[in-house]
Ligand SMILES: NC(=O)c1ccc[n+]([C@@H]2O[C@H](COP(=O)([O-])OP(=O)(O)OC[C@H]3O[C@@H](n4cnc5c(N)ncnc54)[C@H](O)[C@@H]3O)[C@@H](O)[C@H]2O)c1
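One chain follows as structure tokens, the form predicted alone.
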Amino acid sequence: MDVSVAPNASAGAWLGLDNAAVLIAGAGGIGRGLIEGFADVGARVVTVDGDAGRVRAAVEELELERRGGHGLVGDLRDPDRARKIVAETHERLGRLDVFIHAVGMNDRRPILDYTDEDWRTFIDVNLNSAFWLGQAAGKIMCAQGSGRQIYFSSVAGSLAHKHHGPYAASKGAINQMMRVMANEWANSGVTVNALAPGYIETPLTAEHLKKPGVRPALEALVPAGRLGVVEDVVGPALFLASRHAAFVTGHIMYVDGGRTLI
């Protein structure tokens, strides 16, 4: 995507996202692609990440401030900081139309090799941050009578991959958390959905994919015959955030090239 050109106003208007107030948690990998995709249809995007370098790169390279957006740095494992970030975003943008949680970590090991601290870190990063941010965003959205929330799950949330114990547990929990949110907030005009990608080529998966034999073995599991790229999830996210998805809630959309079919 070329950030030197004007945002696609016609696409933004068609989606109902032109000038929308969007908070995206996660500025690397999938998060970075989402920031660019939403900014390119005219949304005002605030991004937050614990890595100051990733936030700075997104803000500067995608010219977020020129487009009405901003970048924030914060440890999302801290509930008070997470809630303050939502409040600051709301104050800065004047409303909150879309919240996307694209924060995640994985460390592939057998169940028996994880320590207590490993487990706590997975739950804090992948799940607790989603709850604290989503709850705070939900209060604002329910009060204003509209909003879209999207959580990044994974095919690992339903499939029992080896060496994915804490990661799979956190993604399965996100699936159920968002379904309860969807049920509770539907009559307030707020939709809550999840995107569940298969293997997507990002910094999170890069080292694993470099291991001998890993890439062809994973590609063989995908009917589409390839692994996903970040652009594959941006379109589905734009749809779920758009006015066209007003009657879609509590749904887990698999973006996996057919991986969960076999």
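Just count from 1 along the sequence shown to find any residue number. All values reported here derive from a predicted model rather than from experimental measurement.
Not pictured, yet referred to below: the form predicted together with the named molecule.
*Asks:* Which pick from Pro203, Gly235, Gly53, Pro223 sits with a heavy atom within 4.5 Å of the named molecule in the model of the complex?
*Replies:* Among Pro203, Gly235, Gly53, Pro223, a heavy atom within 4.5 Å of the named molecule in the model of the complex occurs only for Pro203.
*Asks:* Exactly one of Gly37, Gly69, Gly42, Pro197 has a non-hydrogen atom within 4.5 Å of the named molecule in the model of the complex; which residue is it?
*Replies:* The residue from Gly37, Gly69, Gly42, Pro197 that makes the contact is Pro197.
*Asks:* Would you please decide whether Tyr167 lies within 4.5 angstroms of the named molecule in the model of the complex, comparing each non-hydrogen atom pair?
*Replies:* Contact with the named molecule, yes.
*Asks:* Does Arg77 reach the named molecule in the model of the complex if we count a contact as any heavy atom within 4.5 Å?
*Replies:* Contact check for Arg77: yes, within 4.5 Å of the named molecule in the model of the complex.
*Asks:* Can Met181 be called a contact residue for the named molecule in the model of the complex at 4.5 Å between heavy atoms?
*Replies:* Although the named molecule is absent here, Met181 would stay clear of it in the model of the complex, with no heavy atoms inside 4.5 Å.
*Asks:* Within a 4.5 Å heavy atom cut-off, is Ile123 in contact with the named molecule in the model of the complex?
*Replies:* Residue-level check for Ile123: no, no contact with the named molecule.
*Asks:* Looking at 110-118, 145-153, 88-96, 185-193, which stretch has residues with any non-hydrogen atom within 4.5 Å of the named molecule in the model of the complex?
*Replies:* It is the stretch 145-153.
*Asks:* Determine the residues of 95-128 with a heavy atom within 4.5 Å of the named molecule in the model of the complex and present them in sequence order; the list may be empty.
*Replies:* Counting only heavy atoms within 4.5 Å of the named molecule in the model of the complex, the contacting residues of 95-128 are Ala102, Val103, Gly104, Val125.
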